[in-house]
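What follows is a pair of forms of the same protein chain, given separately as structure tokens and numbered structure 1 and structure 2.
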Structure 1
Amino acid sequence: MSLRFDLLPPTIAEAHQHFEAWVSAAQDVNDINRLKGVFIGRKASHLTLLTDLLKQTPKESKADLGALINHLKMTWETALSLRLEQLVSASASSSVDLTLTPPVLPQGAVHPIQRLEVHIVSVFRTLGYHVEEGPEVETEEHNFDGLNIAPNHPARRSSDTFYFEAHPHLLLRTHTSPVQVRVLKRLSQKNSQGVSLLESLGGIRFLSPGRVYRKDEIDPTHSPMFHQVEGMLIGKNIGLQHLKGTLSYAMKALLGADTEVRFRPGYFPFVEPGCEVDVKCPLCKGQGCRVCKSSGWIEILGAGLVHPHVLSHAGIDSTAWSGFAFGMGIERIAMIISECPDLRLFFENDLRFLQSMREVR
């Protein structure tokens, strides 16, 4: 059966004559969508007008008009789909070379200081330590008094410590040791039977990592804000042998199994006796270099047996309980591990440097 184009309204017949030219001239998806709306859209398109016309057509012409509508619908849909595929294919071939390796997007990573802090904590967790936290805004009582630091100690001066003008007894903590004071006070609390929490636990061991603040000039080895990890163990009959065994293990776990550790006498108000812990320089292997100042050793932390005054101040019987404490700077260890000569690089957010630190724990 031949198609009767004479049944088309003049406007639709004219549009159909230009259809192929309009489709060929389409330059993008928007052009195709506009033509779809005109010819086969759901509202006021040529197709919907023809469908409405079919309802009003005399019975003897319905079959002819119906066949013509089906033919036009298929013709318009096929031509528009084919042109859309051509446009998409041309766009893809001109902008993307499918033979090239896909680009690798830059990936974020945990900051090397935080990553090292997590690693330090994980080392001590294997020894039964847990993490305790405290506020960065502290009182003199927790930051100094509870740690046996004398009223005339240089660390209390406003030239060394950040005090709040409106609250002169509040300050930014200069170390994480105030957490030790808070924990010891909590452990000294007794229940209704008169038994302290420390006695019910039989002892405690914990770490207190976090930010600390001091009025230091910014230079390659100093910063007014840096990170520390301090630890404490309280128990019965704790001595230097326990401290040395713990820290020797920790340093080897952090810096390598072949790391040599030595202990030297040192003074800190909150421990007695006190010591400083050195490790054989991992860069020059003890031969002497710029980092270790040609000594072959690097001081890495301070430690000692907890001073009886610190225990007594917290309400703990220093004749029955003893322990040790230690503290280390995370940035200092990071500089040693990474051979970084300048502390400031860890705070400048230079992506090139941070990416180079991905292997630093």
Structure 2
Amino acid sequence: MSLRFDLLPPTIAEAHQHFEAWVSAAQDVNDINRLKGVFIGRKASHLTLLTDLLKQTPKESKADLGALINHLKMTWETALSLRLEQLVSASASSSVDLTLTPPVLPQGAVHPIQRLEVHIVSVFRTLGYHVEEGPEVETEEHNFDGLNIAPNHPARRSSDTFYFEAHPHLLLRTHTSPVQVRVLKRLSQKNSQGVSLLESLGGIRFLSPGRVYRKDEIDPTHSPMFHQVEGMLIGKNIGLQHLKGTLSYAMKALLGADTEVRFRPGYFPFVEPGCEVDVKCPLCKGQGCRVCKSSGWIEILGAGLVHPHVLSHAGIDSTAWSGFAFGMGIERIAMIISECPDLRLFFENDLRFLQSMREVR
């Protein structure tokens, strides 16, 4: 139902047109009271005038005019009381001592380890990586066998890995690498036309961040639980140059554009060739210090080309497909960036620490 403003007497119509301007021009309570008197006062106001007018209006327009009067009454009342509140609170605030302690809205924080995790994920997202997550309770097959880790490898011992009493084949994953095995096995599955998921996708690139467990007592550099980010890319004709290109880009995006990256040989059973990736020590800028053991470089991640055994274990043809994988410890990078020397602080959840580690804006 539209309002019939044409029923208004011209004087009131004009007054209504100026109403808003007058209200915002009001500077104090007196101004408001004056406007109240003119518009909605009990005597000789525009409202009383309209009420009188309603009585003389012919039947056919009575409903329309009534609705219009209601609308105007509400509008005028609301606007005037709102402006009055504004003026009252403004006069109150002008008398406040602004040097007093002000109330600050509560600020929390996402844990620095998760913030770093999200940042790493976002860096790789720009390269088209998505996230694949896996469970913390894993099988020996995913955690060791599928990663070409020998049956008698020391890492499998109960002095290094947590096992479950009632489920001897289950363990707490010691790295995020079992997600590689899970994803590769899924990719090797074939559809009814005999085409594997990997073939239909044309390749894959993903990150898997998460918690991992090792049987270490808690000390400044060890913790029974910490976080890793695993990364993997599978495609055609992938070589070390691609690993180098990817990680050089990522380390610069992560640690700053002037980050220098160095690749050197390393050993992990699930890659071949394997490499260790160092960054120029951010503390001494390569001059050599205590943190980098005077070498000028800090080891930041392990990587390599995916071992053919890892692909074939998952049922993927290692002559057709190749790829690289890498893994890094999030706490380790957090400690390098923040120069925080004690790993335990990240798990003590002391608000003094969490507040100090809050995002700086």
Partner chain sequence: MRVPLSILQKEISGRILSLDQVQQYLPMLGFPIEHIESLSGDTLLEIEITANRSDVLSIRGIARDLAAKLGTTLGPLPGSSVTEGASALSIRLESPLCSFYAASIVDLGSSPYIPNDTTKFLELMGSSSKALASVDASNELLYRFGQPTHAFDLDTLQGSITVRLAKSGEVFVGLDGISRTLTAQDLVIADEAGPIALAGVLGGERTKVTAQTRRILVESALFDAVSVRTTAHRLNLHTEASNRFGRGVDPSQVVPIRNLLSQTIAQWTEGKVIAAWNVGLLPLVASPIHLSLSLLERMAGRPISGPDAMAHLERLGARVLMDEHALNVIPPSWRHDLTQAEDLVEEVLRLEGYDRIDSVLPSVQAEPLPMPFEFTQRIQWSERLAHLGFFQTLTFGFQGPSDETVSASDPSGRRLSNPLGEEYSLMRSSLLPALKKAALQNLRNGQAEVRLFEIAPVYQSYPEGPHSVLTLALIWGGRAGGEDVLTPAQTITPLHLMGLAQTLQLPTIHIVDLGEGLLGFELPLPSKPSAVAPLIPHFVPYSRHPMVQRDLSLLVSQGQTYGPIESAFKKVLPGVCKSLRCVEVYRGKGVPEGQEAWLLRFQFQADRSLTTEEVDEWMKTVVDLLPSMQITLR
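Each form is matched to the other, and the largest set of C-alpha atoms that superpose within 1.5 Å is called the rigid core. Note that the structure is predicted; figures quoted are calculated from it, not measured. Here, residue number means position along structure 1's sequence, counting from 1.
> Of structures 1 and 2, which is the form predicted together with the partner chain?
That would be structure 2, which is the form predicted together with the partner chain.
> On a rigid core superposition, would E14 pass a 2 Å threshold for CA movement between structures 1 and 2?
Indeed, E14 is displaced by 2 Å or more.
> Can a Cα shift of no less than 2 Å be assigned to G41 between structures 1 and 2, given superposition on the rigid core?
For G41, whose C-alpha is compared between structures 1 and 2 after core superposition, the shift is 2 Å or more.
> Core superposed first: is there a CA shift of 2 Å or greater at H309 between structures 1 and 2?
The answer is no; the displacement is under 2 Å.
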